[in-house]
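The form predicted alone is given below as one chain in structure tokens.
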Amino acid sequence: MTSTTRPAPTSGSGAISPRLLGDAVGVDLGKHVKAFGPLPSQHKVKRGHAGPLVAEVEASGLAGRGGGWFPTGRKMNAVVSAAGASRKDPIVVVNAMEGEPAASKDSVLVHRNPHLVLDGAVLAAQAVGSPVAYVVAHRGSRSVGTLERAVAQRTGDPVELRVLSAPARYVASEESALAHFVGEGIGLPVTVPPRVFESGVRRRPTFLSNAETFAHIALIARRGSGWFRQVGDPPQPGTMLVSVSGAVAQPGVVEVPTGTTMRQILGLAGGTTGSVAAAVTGGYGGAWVSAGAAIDLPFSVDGLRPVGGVPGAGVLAVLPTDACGLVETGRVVQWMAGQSAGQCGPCRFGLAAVSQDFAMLAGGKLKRTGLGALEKRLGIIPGRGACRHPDGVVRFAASALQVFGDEVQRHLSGQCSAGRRTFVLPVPAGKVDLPVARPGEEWR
């Protein structure tokens, strides 16, 4: 994907300039300081005490942009409290891995303005009392080299910055898996509770969020919570990055105020290339929505809830009417099942069975009794895994059965209404063996 930085629509009339993507300065620290200003100074805090920035972030209403949309200030306060209770210094971790195949927003941000992400990491570490901030990207991604070059230019930061490259696996970017990797060198999820904010990296309270969230923290530290709240949906204000793909003229990353409608977002991506049937919201752990039902709804947690959608990791992938949503879903489910860490039954066997059922449905070979078995599996898997990976896959698959209900009936009769023979959703190439093998060295 390419970056799109045209002015984003406000909730009313007029436009705003992009906040995160507007000035592309790359790894040049001098250009970064000229564009955004120097790193704001902060006082050192004692363990168990929060710096003033934590209150400012909480007042801003910033919610994590990695998928969960949890209030960032509340998470920072929880880390500070856990550090005081445990008498252990906290740790800060930036998740720049972006294992979502349909997403590219964090990698675009890191490429364009890496120092904004690093500033946020340093400032957050100071605010919660962490001596170090880890920035982690997928092994083999261009983000690793960009971050390393950017860190090499920084001298005199009040906390230590370390860049790590983690296994290029989808589940390795899950919160507990990432904390496990930073602390023990193994990118596998661990059972929660305790949550990462209580006991994460080396059993220390850990403030872990994605790259975009930290970039917003860097701007809030410079310009304040009032400035941050000037745009966006009041319950979750500010701007957000959205990776737009599928049946649009200009696929890429756009920056929009939260609450911007899907129609406006598609307009920033050059508009659709024809009639559209549905869209993936939030990514492959998100959900399908009907285009007609969602097109004029705010692309936000509250806005998409009535139609079962989620903004998630800022993914919007549009499906044209001549493509088969069941075929596309089957491809995604198979890949996601293959990304399992193989540690628990719901992932190893539950997702493998769902993938097999969906492949049969997509191929017009599933009978009504088989559909009933698929629906039963989708009902019993959630909440049983060691992490939330199976929950996300099930949500994605279940939403397809609902949104493409008419097509399901055609496929049960061995028919398909699609005229397209090429695929729309990006799925990494490679053979998928199901059930997956037990985890090995590739997770280190």
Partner chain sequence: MSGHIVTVDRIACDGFGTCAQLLPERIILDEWGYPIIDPTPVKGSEHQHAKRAVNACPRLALKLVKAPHDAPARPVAQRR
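A quick note: this is a predicted structure, and the numbers were derived from the prediction, not measured. Residue numbers count along the first chain shown, from 1.
The same protein also exists as the form predicted together with the partner chain; that form is not shown, yet it is the one meant from here on.
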item: Interface residue in the predicted complex among Gly350, Pro167, Pro320, Gly238, criterion: non-hydrogen atom within 4.5 angstroms of the partner chain; value: Gly350
item: In the predicted complex, the residue from Gly183, Pro194, Gly364, Gly345 that sits within 4.5 Å of the partner chain by heavy atoms; value: Gly345
item: Partner-proximal stretch of 379-387, 56-64, 36-44, 401-409 relative to the partner chain in the predicted complex, 4.5 angstroms, heavy atom; value: 379-387
item: Exercise: Ala78 in contact with the partner chain in the predicted complex, heavy atom 4.5 Å; value: no
item: 4.5 Å heavy atom contact, Pro189 and the partner chain in the predicted complex; value: yes
